[in-house]
Structure formats: C-alpha cells, structure tokens
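The chain that follows stands alone, in the form predicted alone, written as structure tokens.
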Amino acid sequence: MDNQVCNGTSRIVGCRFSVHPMTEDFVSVILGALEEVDTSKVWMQTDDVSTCIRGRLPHVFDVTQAIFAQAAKTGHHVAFSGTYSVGCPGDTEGDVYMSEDDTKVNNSDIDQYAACDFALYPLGSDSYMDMIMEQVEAAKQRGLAVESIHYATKLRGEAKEIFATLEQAFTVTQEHNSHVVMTASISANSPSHKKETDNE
C-alpha cells in the first residue's frame, strides 16, 4: 500500500511502549511475553529502546494488555510504560491492518493486581478538562481505587479492569476529538503493592 499523508484524519491507533522486568533474566521475560502474544492483527516493530504497535484500536489495546499480562504472570516485578496515540498528522504506515475485524485474539483475563498512572490528552480541545474528568469518574464506576496525583491519575486494582478503563477512556475521547494521546505507566508484583493493599 502506498503511503499517503492523512493530515490527522487516519484513525489508525498506535502505542510505543517498553516493558521492564526487575530481574537479571529480563531478556527472556520480555522475549517470552512477545512470543506468547498473538500480534497478527497489528503492525509491530521492536528496537533497542521500545516496541511500537499500530492498527485498529481494539487490537492495539489487546496486544499491549496481553504482553503486560504475560510478563507479569512470571511473578517478577514488571513495569510497563506506553504512549497511545490516534489522529497523528501523516500517520499512514501500516494502514493495511485497518482492514482487520474487531475480534480480539488474546486472552488476558487473569487475576493480577496492578497500579497505574495514566494521563489523557485530548489535543486541541477547549473542553479537555471535562473529557478527562468524565473518564476519571468512569474509572471509579469500575470499582478501581482512583487517586488524583500531580500530572496524572492513579488507578489501583485488577490489571484487566485497568486496561479496560484505559481502552474505554481512549475510545470515548477519540470519538469526540481528532487527535488524542494517552500515557500509561503500569506496575505489577511490586514489593510496595502489598503495603498499599494492607493499608486499604
């Protein structure tokens, strides 16, 4: 497919992320997670710093959630840091994956406590704070522990509910705003998590 400049009209979704297992055997944890996840419905490229995946919205979230879940199930402390984006001007490479259906191909429905700091950026919107607050309230309705922190919102609870919340926030916001960016830093199996749950 020939690349064409879309000037922000392409609805291809992308995420550039890094996974950091806190173990000397981090390479096998990362590679093992990537091997266990079905990435057939996304464009993917990994370099020496991060991995980029691009395609339809459901599959980008499906793959990032699955990779995090596969790494976390090893029991090691795992940190995930990702930036999701839609509507970036000129974003066309990999558009072939936009012909995929919305059926997700990974099963990440595992019990895993996690904590997440996320920030939502509806770029160019005059009502961006209203959009952000709507999604913060939606997170509370999912039963997650929600806390306002500097420059982000903290979520605590089941990883599957955290990713569902992130996907919903991104989906709803991009329906009303042409260019949306969302950052998410997620941690599982951290030694500090037990202290957090004990204090709840």
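Each residue number is its position in the shown sequence, starting from 1. Note that the structure is a prediction, hence the values are computed from the model and not measured.
Form predicted together with a further copy of the same chain: not shown, discussed below.
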Just one of 170-178, 66-74, 50-58, 135-143 has residues with a heavy atom within 4.5 Å of a further copy of the same chain in the model of the complex, so point it out.
50-58
Can A152 be called a contact residue for a further copy of the same chain in the model of the complex at 4.5 Å between heavy atoms?
yes
Contact test in the model of the complex: W43 vs a further copy of the same chain, heavy atoms, 4.5 Å
yes
Would you classify Y97 as touching a further copy of the same chain in the model of the complex, given a 4.5 Å non-hydrogen atom cut-off?
no
Can you tell me whether I110 touches a further copy of the same chain? I mean in the model of the complex, with a 4.5 angstroms heavy atom cut-off.
no
